[in-house]
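Below you will find one chain, with nothing else, as structure tokens; this is the form predicted alone, and questions on how it binds or moves follow later.
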Amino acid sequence: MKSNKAAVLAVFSLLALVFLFPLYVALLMSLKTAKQTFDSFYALPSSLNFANFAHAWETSKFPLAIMNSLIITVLSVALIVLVSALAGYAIARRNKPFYNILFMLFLSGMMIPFQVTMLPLYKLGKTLHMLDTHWGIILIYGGFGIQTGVLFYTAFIRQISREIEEAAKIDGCTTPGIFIRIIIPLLKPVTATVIVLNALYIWNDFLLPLLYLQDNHYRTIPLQQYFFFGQYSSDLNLAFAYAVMGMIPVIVFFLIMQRFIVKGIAAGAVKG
């Protein structure tokens, strides 16, 4: 028994090292000078060079980039949660062919890779003047996120007893009132899961901002980091310092929200 536990501990320790190694490299590179990096890529620096962070902050317009990422992430996630919850409630409670077909359409959208829709989306965005705007990319993120959001909300709401809603109707509560006063409070676990999954994806996404946000004024954090790498040269130390600064908000967000993810998964497992 002890040998099994030791083997499991060794495997998980090895996996932890593998997952933490990129973070170690990022921190290491952000604190080294170009000469120290050239001398030895993986060696610890002889002295810590915090000037990389100040230089990356100034040259990359970090406050503007983080504001763009915040606006796009917060509004996209809000759109996904609102539409997914409403659509999931309608689909879960109305057992009619139209809603079943609508549900299948949402599911079918999940099976189409983004690369297939990339070019048509770009042409559509150009036609509708959605390029280099916050609202344009927010609508695109909303369209992709709603597909999985509807799946989560529909599955969760179907496990909620209808007797609660029928009792509320007897007391005179309308359908919007039932949704706002009874259903929404019960959706906290799945809502937290949808928020965290979509927020992490949108915050770290690079491809869609590269396609839709070509103006300097609208660049997000991952997109702004890309421009530390030129055609003939790159400043690795500044790029990694910028990456570390960009990771801090999302790590703090994940640490705050992780307990809600665990609760959401546990609630889904019990109800299933």
Partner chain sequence: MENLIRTARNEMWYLLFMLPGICLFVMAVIIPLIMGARYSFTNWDGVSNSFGNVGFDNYVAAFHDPDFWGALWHTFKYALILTVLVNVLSLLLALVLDSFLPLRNLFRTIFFLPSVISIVLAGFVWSYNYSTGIPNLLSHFGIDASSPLGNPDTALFGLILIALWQGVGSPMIIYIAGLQGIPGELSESARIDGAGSWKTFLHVTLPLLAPSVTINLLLVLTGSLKVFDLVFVTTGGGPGFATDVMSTYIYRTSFSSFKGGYGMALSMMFFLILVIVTIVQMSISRRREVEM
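Superpose the two forms; the largest set of C-alphas matching within 1.5 Å is the rigid core. Positions refer to the first chain, counted from 1. No experiment lies behind these values; they were computed from the predicted model shown.
The discussion below concerns the form predicted together with its partner chain, not included here.
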| message | Is it the case that P176, even though its partner is missing from this view, gets within 4.5 Å of its partner chain in the model of the complex, heavy atoms only? | response | yes
| request: Answer with yes or no whether L15 is in contact with its partner chain in the model of the complex, where contact means some heavy atom within 4.5 Å. | output: yes
| task | Please run the contact check for L64 against its partner chain in the model of the complex: heavy atoms, 4.5 angstroms, yes or no? | result | no
| query | I256: heavy atom within 4.5 Å of its partner chain in the model of the complex? | reply | no
| field | Heavy atom within 4.5 Å of its partner chain in the model of the complex - the one residue of L119, A78, A167, I184 that qualifies | value | L119
| field | Contact residue in the model of the complex, chosen from V83, L131, I157, L151 - any heavy atom within 4.5 Å of its partner chain | value | V83
| Partner contacts in the model of the complex for 25-45 (non-hydrogen atom within 4.5 angstroms of its partner chain) | V25, A26, M29, T37, F41, Y42
| message | At a 2 Å cut-off on C-alpha positions, does M67 qualify as shifted between this form and the one not shown after fitting the rigid core? | response | no
| C-alpha of D39 moved at least 2 Å between this form and the one not shown on rigid core | yes
